[in-house]
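Next up: a single chain in structure tokens, the form predicted alone.
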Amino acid sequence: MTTGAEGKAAAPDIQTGITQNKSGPQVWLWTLDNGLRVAYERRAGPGFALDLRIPVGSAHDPAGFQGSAGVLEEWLFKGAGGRSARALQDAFDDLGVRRGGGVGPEATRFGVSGLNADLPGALALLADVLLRPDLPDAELAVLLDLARQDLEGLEDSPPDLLAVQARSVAFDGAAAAPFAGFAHPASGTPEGLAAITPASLREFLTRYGGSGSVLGLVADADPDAVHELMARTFAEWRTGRNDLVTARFLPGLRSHLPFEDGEQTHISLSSPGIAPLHPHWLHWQLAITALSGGSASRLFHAVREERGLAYSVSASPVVLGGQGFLSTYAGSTPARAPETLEVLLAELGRLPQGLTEAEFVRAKTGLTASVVFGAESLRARATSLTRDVAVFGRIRSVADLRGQLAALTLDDVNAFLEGYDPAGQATTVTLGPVAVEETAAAEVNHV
């Protein structure tokens, strides 16, 4: 069963059917029998881009089998539809399509782009990978070794290592049971990789299916033909599972991960934010842009330009378990890490006082520009379609987003910020040769 055409010209954000939007592209949203939602935007041009989001990520790894999602995604391409791994890769290359994707905390993504004429062939190959994979046992040992190497590589990337540690501290692992949750990278853990077997991964694959999955497509093709192609291609795909992994935030904690060979101290602050479906979502996005949206932002000016405390400083929104969180990062020298942390907390603590008119205008202009230019790329727009349907439950048109941003006022944003205190609930995690508290004590003794 598919959804019928609904909607009006003045209402581009719809949940089913077609949007006839005179100021922008036409979009359709269909739901197939197995639950797969297809978001299609017709755009004149020679190429297509699709992004398939399956709601199975590293957080869904079974407890004790960390790394399942990451290894499975690699295993799927080791032969499918009667083709060997080499033949499958050659088939993609023969079409001239570009392939991408990967595993995140909450989803696995498959991306393909190429010429419009090759869309049916590319979809057929992707369907073979998902519906008819060979999953050869002999390949699994190699993939597990590669995952272990990737884990070892984390030691060479302190920011990535810090991000894993920050999630481990900031979120209650017990709340995610029976899933492993957010406290490990997609590569897994040494213990989890050791437990993975061909049988355990085949069982894990049964989570894949249409339920909760979204395919975003931008192309130039007749919508009826696209709908028929999607329905035929995925007709045999199972329903699968669509489980939300709970992200229970633990506020006000402090933790340090020793990194004796490091020359820097890396600082991570995790704070509660705004959920995507909350009416103040855009208010929050604009405030974060003012906080960390370029060389005129508060963090860049206070941490780097005024004091020279850190070469890299940033704040960004994170969505986990249907909730929004603010992640703030800076890398500083061990000696200046205490001051860096103090300034970060001070800038977060200033948010409830509101933005200035100049900050508001700059942030609104920056957000509007990112919406406009982000829609220019076919692949970026396909990813946006997928994210919109998966996270917001609808297709958000560029025109509508611009209209919502234009309607925001400084008073609106500042009224929201009055009740938003990310500093008061921040959980702090540091990584470096010496804990920040110890560094502070050493400086006091030296003075």
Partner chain sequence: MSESIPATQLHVLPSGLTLLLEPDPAAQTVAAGYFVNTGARDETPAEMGASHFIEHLMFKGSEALSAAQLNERLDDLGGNANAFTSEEATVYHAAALPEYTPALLDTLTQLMRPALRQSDLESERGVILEEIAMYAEQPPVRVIDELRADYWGAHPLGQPVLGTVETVSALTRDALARNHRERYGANQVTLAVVGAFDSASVLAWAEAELGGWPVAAPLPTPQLPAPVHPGTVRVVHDPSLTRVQLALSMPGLPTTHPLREAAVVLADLIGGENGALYWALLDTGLADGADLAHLEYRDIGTFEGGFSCDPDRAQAVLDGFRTVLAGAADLITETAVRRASRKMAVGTLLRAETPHGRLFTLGMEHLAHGYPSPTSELVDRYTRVTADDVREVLRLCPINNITEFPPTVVALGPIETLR
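Residue numbers count along the first chain shown, from 1. Values in this document were obtained by computation on a predicted structure and should not be read as measured data.
The following text describes the form predicted together with the partner chain, which does not appear among the structures shown.
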Query raised in the report: in the predicted bound form, which of the listed residues (E155, D224, E236, E357) lies with a heavy atom within 4.5 Å of the partner chain?
Result: E155
**Report entry** Option touching the partner chain, based on a heavy atom within 4.5 Å in the predicted bound form, out of R254, R232, R202, R148
**Finding:** R148
Report task. May I ask whether P178, F392 and L408 each come within 4.5 Å of the partner chain in the predicted bound form, counting any non-hydrogen atom? Result -> no
Requested in this report: Could you tell me which of 207-215, 192-200, 273-281, 87-95 sits within 4.5 Å of the partner chain in the predicted bound form, going by non-hydrogen atoms?
Outcome: 87-95
Report task. Determine whether any heavy atom of G57 comes within 4.5 Å of a heavy atom of the partner chain in the predicted bound form, and answer yes or no. Result -> no
Report task. State yes or no: in the predicted bound form, is some non-hydrogen atom of A174 no more than 4.5 angstroms from a non-hydrogen atom of the partner chain? Result -> no
Requested in this report: Answer for S332 alone: is it within 4.5 Å of the partner chain in the predicted bound form, judged on heavy atom distances?
Outcome: yes
Query - Partner contact for S297 in the predicted bound form: the partner chain, 4.5 angstroms, heavy atom - result: yes
Query raised in the report: Which residues within 257-289 place at least one heavy atom within 4.5 Å of the partner chain in the predicted bound form?
Result: D261, G262, E263, Q264, H266
